[in-house]
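Presented below, as structure tokens, is a lone chain in the form predicted alone.
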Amino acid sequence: MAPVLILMGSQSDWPVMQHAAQMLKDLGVEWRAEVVSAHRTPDLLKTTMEQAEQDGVPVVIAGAGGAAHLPGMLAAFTAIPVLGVPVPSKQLKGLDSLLSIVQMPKGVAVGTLAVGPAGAANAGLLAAQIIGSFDANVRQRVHAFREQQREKVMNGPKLELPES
């Protein structure tokens, strides 16, 4: 199977988007990351999606900040599921990115995750869950991850007031 494709509009988005890569790695899902700008390299955006279709990429994770057109533009060129991650901006803290990604017109679907590192990690998890719908090994690793999360909660410290 081709790897999950993680795309971002700028190298500066990598500190957020690496959380998607780490989640995929932790779940044993192959991935590759590239910078493709909707505004600065629209020709590369189109050819990247054409190649993804040919390669059989199962899911695309796209991170973008500011105007955040990348996820929607990618989705316009493919039938591959696109998961959008709003990358926080300095000016509006990612609200601008969130609104740009979540407000897609009817007929061009982008699954939108939370702003920032948590959204990127969940995009990796959701991509693994999508792959797990047809790959039992990945599905089992997602179940194991969920069990680890449960155990952390169940075995956490007891909540008590400090002694006075």
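Predicted model, so just to flag it, every value in this text is computed and none were measured. Heads up: residue numbers just count along the shown sequence, starting at 1.
Keep in mind the form predicted in complex with a further copy of the same chain is missing from the figure; the text below concerns it.
- At a distance threshold of 4.5 angstroms between non-hydrogen atoms, E53 is in contact with a further copy of the same chain in the model of the complex.
- Proximity of M8 to a further copy of the same chain in the model of the complex: non-hydrogen atoms within 4.5 Å are present.
- Mapping the unseen interface onto this chain, V29 falls outside it, with no heavy atom inside 4.5 Å of a further copy of the same chain in the model of the complex.
- Residue contact with a further copy of the same chain in the model of the complex: N137 places no heavy atom within 4.5 Å of it.
- Of the residues in 122 to 154, those that come within 4.5 Å of a further copy of the same chain in the model of the complex through at least one heavy atom are, in sequence order, N122, L125, L126, Q129, I130, I131, S133, F134, R139, V142, H143, F145, R146, Q149, R150, V153, M154.
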